[in-house]
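Here you get one chain, nothing else, as structure tokens; it is the form predicted alone.
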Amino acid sequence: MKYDSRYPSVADLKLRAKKQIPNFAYDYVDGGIDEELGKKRNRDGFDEIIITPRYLTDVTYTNIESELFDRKYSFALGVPPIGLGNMMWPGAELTLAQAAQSANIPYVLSTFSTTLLEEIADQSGDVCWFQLYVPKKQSVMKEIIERVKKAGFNALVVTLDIPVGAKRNREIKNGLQLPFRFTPNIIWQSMIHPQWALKTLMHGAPDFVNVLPYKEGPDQRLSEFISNFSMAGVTLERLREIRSLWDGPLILKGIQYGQNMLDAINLGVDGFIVSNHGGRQLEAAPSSMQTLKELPDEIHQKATIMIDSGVRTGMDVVRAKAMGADFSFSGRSFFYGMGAMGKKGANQVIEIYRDEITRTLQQIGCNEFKQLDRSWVSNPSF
């Protein structure tokens, strides 16, 4: 094993992270919306998939490589976008980008990251993607896309599932607000986690550095700016404009309705990340696996399908591939790792998944990750 045996799973890292970092940081990543039933359904959706192993196969050789948009990656897991990433652990975004570059897996930077996009591209130019929250102002959108192109990002991921901000109860109780402030509650939580507090003091309070140039004057509050920054629902007309500005792979994240996907394909969209934002936006949304299960064959034939929301193990990556998702992403896994182990957590998560994907393929008698399809799934309902 190429990872710390004290934390052999993402579940172990999650438990450790809860002890190592302040509640407001942990709950920001771990929490869902309302009663968090959507988050639970995401996990249940993966756990329900049963795969029958095929023995009488020599599994000495196993290839877990995967290909996306004419590029080979070491295995089918990527680091998805999470805003305020450096709050979970100071410097987390750059650390994850460097680890992804070294491991040859995709790293997706959020518009609302706390590290400059140019700095991320400089450290992970071979594997970096950019996630766009579409600005209301077309001029701002064009400028950001131009920056992303100039920096050398390989793919553009447009997130659709935040037409309005979410009311997340854990964040409200913790007093987490924008701009990030050290309120008495936040200060107390930080004081009882001195290692995190010291690192944060050295690194500086996280800020949305990629969008600060677009504030309307120095007196505009950041919270007001952020709430007014993004479109209240991205339209087909705006997607058409984005397609004309971006000549690389264009991916939509958070889309769940089949007709929406077909409309987007007709505009030239190349792929989709099936997602319900980790159960953080709409309590009643279908689980990501439910959406994947119900996608028409036509969509699979015309676009690249990926998935997030609920992925926690290498077994889940195998399940997702068998159900038709060529690639998986898991934000919580990586940030549990960072919260639990600091910088070492990035490689810990990567090696856990690499090991689990390999072992799962060997256990079920599959020599090539790309061979997986629904014929491996045992559930009659799937």
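Computed from a predicted structure; not experimentally measured. Don't overthink the numbering: it's just position in the shown sequence, from 1.
This next part talks about the form predicted in complex with a small molecule, which is not shown.
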Taking 4.5 angstroms as the cut-off for heavy atoms, does I255 touch the small molecule in the predicted complex?
no
Determine whether any heavy atom of G331 comes within 4.5 Å of a heavy atom of the small molecule in the predicted complex, and answer yes or no.
yes
Taking the small molecule as it sits in the predicted complex, is I82 near enough to touch it, meaning that at least one heavy atom pair lies within 4.5 angstroms?
yes
Residue-level question: is Q131 within 4.5 Å of the small molecule in the predicted complex, judged on heavy atoms?
yes
Let me know the one among A340, I350, I33, V29 whose heavy atoms come within 4.5 Å of the small molecule in the predicted complex, would you?
V29
One residue of P90, G271, G278, P135 in contact with the small molecule, assessed in the predicted complex (non-hydrogen atom, 4.5 angstroms)
G278
Just to confirm the contact call: exactly one of 369 to 377, 21 to 29, 355 to 363, 7 to 15 touches the small molecule in the predicted complex at a 4.5 Å heavy atom cutoff, so which is it?
21 to 29
